[in-house]
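Quick setup: the structure tokens below cover two forms of a single protein chain, split into structure 1 and structure 2.
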Structure 1
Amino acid sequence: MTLQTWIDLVYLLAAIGFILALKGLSSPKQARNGNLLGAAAAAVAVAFTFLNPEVRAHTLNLVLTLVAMLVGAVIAVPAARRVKMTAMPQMVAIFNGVGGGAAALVSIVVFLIAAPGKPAVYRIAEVLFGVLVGCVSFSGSAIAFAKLQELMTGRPITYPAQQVINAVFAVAIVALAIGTLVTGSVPLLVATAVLSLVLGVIFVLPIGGADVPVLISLLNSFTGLAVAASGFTLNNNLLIIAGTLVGASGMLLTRMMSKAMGRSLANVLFSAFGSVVTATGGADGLGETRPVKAGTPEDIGVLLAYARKVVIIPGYGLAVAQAQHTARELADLLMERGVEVFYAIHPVAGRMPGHMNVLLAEANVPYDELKEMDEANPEMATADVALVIGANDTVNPAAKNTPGSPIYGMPIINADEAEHIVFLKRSMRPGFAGIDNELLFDEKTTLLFGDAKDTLSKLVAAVKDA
């Protein structure tokens, strides 16, 4: 067997490792081992790549490769170690974006190397696909990061003639791509790359903050496809398999997530969510003046302490206040008193799907106390108290009753069915989607204003006294 055959064999094993890694992620017990297996597979594949004679042909290039890897690792490890769990969506967006950028660069460099002679048309097509999708993923992820990190507004950004401008860009890219395909010209490819970067930006700008998680999952899938395209360009099976795995699974995940929000993917990406939000924006002002029932921690403490069943519905507000530990303290205290307590988790609670589970896991809440929406909803009618901590849109009955509402059709946790509803809120500000919540004005509802962590500590004290 030649050296290349051995390397290819190792790549095959690595591909199997990746498949098993993804498979492991379907159960919390095996997930960590699955991920470690994936990491090991990647490490072995990278190590064997250095056996390739071409990689070792030029000492300068080899040294530069090692330096670049060192630089990358030195930046990545502390960033990944230190990032707060609340900032996880941004982190995933960045790592995803750089992957897309790397794939685009691979395709560009391969094209540059082959440029003197005109490569076959299908070769150019592979390069174009990698460049286009990789660049969109890179700049799109950058904007998604800026939105999540609140470096820019999370509201959809719209401007006049947006659709027309986007269409012009799309046509321009198609024209440039065809030009590159026919001529094999380097400047045309570079122009395609630049326009693709712009396309990524204008594609993401009109997508509202609440939809960014779906977007990240889609961009993740894009990067996968860009990597697969680099695999075609390099005749490398491992890249094709790994990229396609991620591309396909990411697409499925994206669809599952849009479904959890009760909307089609096209609706998430292209609907003018912003215009509807501004339409209800006027109603917010009216809402503020309507009477709400505000309670004291002592009242609510007694209510909780003598309840039989309490459902905690956490939202991103809980995470912002870093109150997940105090929430667990309250839950444990209630459980010690014999109250039945569980957490009802909406699939899109937090800033990315499953985000809330990660945040609560960080606070050592065992995952068997977390119930998914479908499992929690049948129990809501028998709950004495629905304790909504920093959530809003995910319990908004408008999703069920108000056909005109932007979130109409989104499955929600039926907090409104519980006997009492307690909202822990910082203010009357509407949720991430910017929509007023009728449930706040319901007569079963009591509001506790203030920082979630503060309020929860007061509740803990009140329950102890009760």
Structure 2
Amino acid sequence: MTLQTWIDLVYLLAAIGFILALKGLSSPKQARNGNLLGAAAAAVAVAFTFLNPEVRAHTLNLVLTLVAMLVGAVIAVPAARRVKMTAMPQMVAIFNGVGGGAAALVSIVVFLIAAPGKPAVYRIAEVLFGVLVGCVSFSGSAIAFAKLQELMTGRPITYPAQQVINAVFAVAIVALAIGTLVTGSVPLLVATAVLSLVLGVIFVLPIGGADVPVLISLLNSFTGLAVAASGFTLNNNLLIIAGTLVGASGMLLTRMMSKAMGRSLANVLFSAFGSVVTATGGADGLGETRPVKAGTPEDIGVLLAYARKVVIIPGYGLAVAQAQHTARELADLLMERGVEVFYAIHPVAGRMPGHMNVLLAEANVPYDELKEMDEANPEMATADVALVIGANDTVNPAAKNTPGSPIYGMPIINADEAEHIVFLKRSMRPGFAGIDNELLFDEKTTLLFGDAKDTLSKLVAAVKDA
């Protein structure tokens, strides 16, 4: 076989590897292996790309590419190893944005090379699609990163005539794109790229922090589509397949997350959800205008120690406190005493899909102790204690009982059905949705204020003494 045939065969195997990797990522048990398989397939495909005679013919470009890869590795590897679990969503956002920006640049460079000969209209269309979607993904992901990293407010940013301004930019981009198709003009393409960058910014600004995880998933889909477009531009089948897989899986995940929140994608993107804070409690957990019942670790420790079934419901607060290891220590201690324990996982708990699964896997929590919302809810009514650690909106009964609530219709974990509810919180501040959690004021609820890790450590000590 010729070298090109070998390269094509490796590309085919890599594509199969990507598909199997996605299959592995669908299960917590196989997620690590799926991730490693996908990375290995990509590495082999890149290595064989360098064997292409057309690539090796451009020595300077080859050297520059290797240098760029080295610089990227030097930046990315330490960043990925040091990132905290609470910061993982914004890292995903910025890495995703870089991918979209790279795809847009590839399309622009190919167009610059071909522009003197006036490319065919379909070639210009491929370039335009990659530039438009890639630029929106790049700038939009940058704003999403800034929101999650708290470099700017996480609340929706709105201004007068916002929708009109967005529409004007969209119409201008369409007009420039049509002009580029007709004339093959480089300046018009550059103008399209610039306006697309602006569109990405104004598209993301009105989206609140609670909805940013859905947005990241959508932008990830955009990046995949931009990569697929650059694959058409470069006549590279593997890029087309890989980009299409990312685009399709990202869109499916976006729809699944929207469904888990009980809202349409249009509502997530255009409702400026979370712009109003209605919490009545003080930041320190004191001074609330509605009465709540606070407890001590010693009292709760006795309650847990003599329970029959305890359901642990983790949320973002668990990640913030890095309390997953202590939570597992408490669960193991209770199981040693004969208590049935499992973790109830909401699809959008935390700041990204699977956030809680990854967090608990880091603490070596057995997979069979994790139950998704639909599996956990039928057992909530028979639970003696629902131990809520840092979750908020995902257990708020207002989603079921208050038609006027912004989260009404959102599927939640039915913690309110347990015989006793123990809520670990830093304060009475609301969650990302910006509304009071009615569960805090339930007569069955006992609040433990403080850092989750510290509070869980005290609970461990109290259970041992019980």
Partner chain sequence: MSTGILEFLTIFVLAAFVGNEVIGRVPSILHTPLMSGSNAIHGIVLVGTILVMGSAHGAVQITLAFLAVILATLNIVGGFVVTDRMLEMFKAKPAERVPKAGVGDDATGGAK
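So that the term is clear: the rigid core is the largest set of C-alpha atoms that superpose within 1.5 Å between two forms. Sequence positions of structure 1, starting at 1, serve as the residue numbers. What you see is a predicted model; the values in this text were computed from it and never measured.
Of structures 1 and 2, the form predicted in complex with the partner chain = The chain shown as structure 1 is the form predicted in complex with the partner chain.
For the rigid parts turning against each other between the two structures, mark which of 67, 122, 378, 443 is sitting at the hinge.
-> Checking the domain motion between the two structures, the hinge sits at 67.
Which angle, in whole degrees, describes how far the smaller rigid part rotates between the two structures?
-> About the hinge, the smaller body moves through 11 degrees.
For residue 52, tell me the Cα shift between the two structures once the rigid core is superposed, in Å to one decimal.
-> So the C-alpha of this residue moves 2.8 Å.
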